[in-house]
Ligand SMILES: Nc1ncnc2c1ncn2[C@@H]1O[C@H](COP(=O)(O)OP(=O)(O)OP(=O)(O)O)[C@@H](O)[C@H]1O
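One chain follows as structure tokens, the form predicted on its own.
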């Protein structure tokens, strides 16, 4: 009836809260006992009034009822304080666990998973699971205790009348078994649709300038309306199932009352049932109706929570292709020598290799220029060095040790990478530059900003280095974002520096000035520079030209020009373009 298997992966988190849950169960037990005590005391008072015997006990009975109500109120309060608080702790730890696991996954996971979908699982799915371990558990246990105590008292009063009254409630159980799986299935579909809405919203909000530039606002609004309408229709289907479930609850609950009036009334007239016992029986049966109605709501919580739990488990079951399985603790990166030995790499979703049989040796403090046409494998090569992606074949060595032998934390701490599309956080300029360097001084931040020719522009901002740059650095130009990203990388003073076409958004004059400053700053760093502008790597110790993932040419700037090959053609083309720009 309830999909408990979906929650098995949460057993360790639940076990941590087991003592508190046990306290909550004891409190629910006391709540149920005090709840059932009220109709019993009412029946006892009616018996005294009917018989005229023991009338002096009416007042104590009334006080006992007040005490039972007070106990019920206090225990209900503390039940919520324990069970709901435990569900919040499970929610927190699950969210922390999910975030840590997602952070450990490599690029292959992110390439096939939408950010909006992750956000949906991180928020609404976790909340749905929390509702299971909070309200659903609380009301399930309360319903069980109420059924046990109320039915026991009803059977004690008249077991035949109890059987008649339970017949309609039996139909209710059948209805739950039929409707429950349908609610689970439709809830899963609804969560997937909500993820689709999150993905669409996230992509549109993050790329608002692109949407406006292509004048597709109306088309995107229409698309959102379609997604929203589908989600609306899906929720209507779920609401319809819940309405059927709720109506069945009330219908069979009312039929149980009608049965009591017909059969119980007949037994009173025949003298087989006293009026006090009838009142107690009626009160207990009324106590059963609300748990039965709550059971439908709890069923919906379980099925929606199970659908969300399955979506969360799918993420937690994802295994990183890059891990510390072969890591050693007795080595560290001290020089920064980088060697590729017949390295090949292929993306999981692709049949063609992105890199094939790539080999080179880069000395410590040396510079390797990587050039080539679009989609030739340049960025893929850089991603292999900090193990953002796993090598398919061949081997990469740093300081003579296999890349896999370095713990990921130590490896990446020795490498700074500036991606092709720099990402800035919604923070101040200073906080973005010093990201990852907690002890950076203001003087050091200014020094690296000056190095990338950004200091004068920052000083013109209203708040200078305390100027907030907006989400994803939206208030800055492309060139400004690239230069801040470079400043952030060199402030970390790594052993190895990876630059992925990081000067594409600056003019040639600024590029020349930045490169001149970087030469001095990175003299002792091993640098791998991907670029479309050949002028950025003329000083490199070696330049490799990639084409379809293979190295087709290699050498120094001068030796490649003398070969009159692909590099020479690219150089001549860019030289002519530069001269034409100067004429303009």
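Numbering follows the first chain given and starts at 1. Please read these numbers as outputs of a predicted model, since none were measured by experiment.
The following text describes the form predicted together with the named molecule, which does not appear among the structures shown.
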Considering the named molecule in the predicted complex, which of 90, 137, 354, 322 comes within 4.5 Å of it through any heavy atom? 354
Would you mind picking the one in 427, 105, 391, 375 that has a heavy atom within 4.5 Å of the named molecule in the predicted complex? 375
Should residue 347 be counted as a contact of the named molecule in the predicted complex, where contact means heavy atoms within 4.5 Å? yes
Report whether the minimum heavy atom distance between residue 380 and the named molecule in the predicted complex is within 4.5 Å. yes
Given that the named molecule is not shown alongside this chain, does residue 519 nevertheless sit within 4.5 Å of it in the predicted complex, heavy atom to heavy atom? no
Interface membership of residue 111, the named molecule in the predicted complex, 4.5 Å heavy atom rule: yes
With the partner removed from view, which of 155-163, 192-200, 272-280, 366-374 is the stretch that lies within 4.5 Å of the named molecule in the predicted complex, judged by heavy atom distances? 366-374
When the named molecule is considered in the predicted complex, the residues of 245-278 having a heavy atom within 4.5 Å of it are none
